[in-house]
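One chain comes next, on its own, written out as structure tokens in the form predicted on its own.
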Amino acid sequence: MRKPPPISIAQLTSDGASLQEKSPPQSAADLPLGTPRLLSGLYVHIPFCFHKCHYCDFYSIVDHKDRQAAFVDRLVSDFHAAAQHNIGAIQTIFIGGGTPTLLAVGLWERLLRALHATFEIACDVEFTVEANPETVTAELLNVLTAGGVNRLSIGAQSFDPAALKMLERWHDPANVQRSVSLARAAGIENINLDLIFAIPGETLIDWAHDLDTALALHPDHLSCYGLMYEPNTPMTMRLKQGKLHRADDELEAQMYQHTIDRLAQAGFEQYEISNWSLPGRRCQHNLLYWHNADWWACGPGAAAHVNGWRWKNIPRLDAYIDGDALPEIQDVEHLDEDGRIGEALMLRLRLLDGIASSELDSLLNATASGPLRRASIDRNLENGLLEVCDDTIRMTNRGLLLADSIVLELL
């Protein structure tokens, strides 16, 4: 989904002062973030994988076990530097990758000790770790739960071996059930399963079977994504070469509608375009993203947002390990007021709770682009893609199928 063009860091700081004569920021320490503030969330990126999946565009490298210890040493110093920018208790922690569960158990123990020693963490923190079904063990889960992890996000993607092969995902579907069982036994009560639909060659019956198989495992949360062809991934290269054919739009829409209907029937509430949960199990960390809250990011390739500034740590493991304090950064942006409002509308309308009419009016009245955005909203209300419910503007069921086009107009 497109973002509005960022304001160049050479043009604008948070107080509007010119930075024309200053060099680009080398780390987050060079950004005008203001005084230490309450960071709602912390994201930690562990880049190791045993294989690069053909659809994935997250920063990851094939793990040869030779740099894990050095990486954790560097991550601990990253924690200490990041903690200088935080006051108060962190509400959510999310450790993603890569494949975080590839990290050696002893290194996990050190990482978790360092987290608790460095940051103040809320007693009711939501603490998520992403897991590959092949790498989940009882020993690892016991270490995670002892370290405060209370939510596991398992990359199932599909239960069909042919679909997994198409994605270059090399796990046995049976290991998803094994992972869920081990997690429950270890005391993890909040489990998410990631699933992908519209995989080349997949039928509606195949997808319905995947959903039913996932539901039979009694997860608390499901993330169901239509396959994205990200730039520069092997899958996109194969698509361009005519070596595979993407699912047509009608089939993908049928799969998405089936997801909405089937999960509602199973008692799940859809709270975001691609996310469903049992009552009380919404992913609090992802909600930070959609509400533009503040979160810090540690690890190579990890992205952060603090006080209106966004940046990403340089996605190079060697450079990260060789550094100290805060890592080098790239993709720095600070939106002007108009861009901030467009982004806020885009993110809030992804949520099925929508946005209160009073808040919407306040945002639309804040810039000269308000009338154009108001006209877009009125047009989509008239054509049934948006609706007013309890004085809130939100997407309709039909609008969810065309969400990208709706939010693009508002940007």
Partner chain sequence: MPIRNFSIIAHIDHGKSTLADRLLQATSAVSDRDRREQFLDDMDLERERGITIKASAVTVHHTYNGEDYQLNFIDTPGHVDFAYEVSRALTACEGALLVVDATQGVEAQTVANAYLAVDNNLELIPVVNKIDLPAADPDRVAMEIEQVLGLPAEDCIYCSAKTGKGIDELLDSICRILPAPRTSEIEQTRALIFDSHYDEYRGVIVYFRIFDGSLKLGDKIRMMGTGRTFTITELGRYTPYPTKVKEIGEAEVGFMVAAIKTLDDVRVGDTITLEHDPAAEPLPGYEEPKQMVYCDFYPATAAGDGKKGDYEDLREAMEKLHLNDASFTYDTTHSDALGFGFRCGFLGLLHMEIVQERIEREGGVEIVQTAPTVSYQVEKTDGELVEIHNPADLPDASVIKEIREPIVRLEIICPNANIGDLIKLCDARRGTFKEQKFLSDTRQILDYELPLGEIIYDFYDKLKSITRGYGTMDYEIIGYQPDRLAKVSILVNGVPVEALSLIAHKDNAEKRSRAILVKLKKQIDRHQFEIPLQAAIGGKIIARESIKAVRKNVTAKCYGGDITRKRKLLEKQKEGKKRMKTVGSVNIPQEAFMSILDQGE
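If you're wondering where the values come from, they're calculated on a predicted model, not measured in any experiment. Residue numbers count along the first chain shown, from 1.
The following text describes the form predicted together with the partner chain, which does not appear among the structures shown.
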| property | result |
| --- | --- |
| Residue (of Gly226, Pro234, Gly147, Gly88) lying close to the partner chain in the model of the complex, criterion heavy atoms within 4.5 Å | Gly226 |
| Contact residue in the model of the complex, from Cys49, Ala28, Leu364, Met346 (heavy atom within 4.5 Å of the partner chain) | Met346 |
| Candidate spot Glu189, Gln284 and Leu360, all three touching the partner chain in the model of the complex (heavy atom, 4.5 Å) | no |
| Per-stretch contact check against the partner chain in the model of the complex, the hit in 76-84, 209-217, 274-282, 119-127 (non-hydrogen atom, 4.5 angstroms) | 274-282 |
| 4.5 angstroms heavy atom contact with the partner chain in the model of the complex for Ile377 | no |
| Contact test in the model of the complex: Glu230 vs the partner chain, heavy atoms, 4.5 Å | yes |
| Partner proximity in the model of the complex: Leu167 to the partner chain, non-hydrogen atom cutoff 4.5 Å | no |
| Leu400 within 4.5 Å of the partner chain in the model of the complex, heavy atoms | yes |
| Within 323-341, the residues that have a heavy atom no more than 4.5 Å from the partner chain in the model of the complex | Glu333, Leu335 |
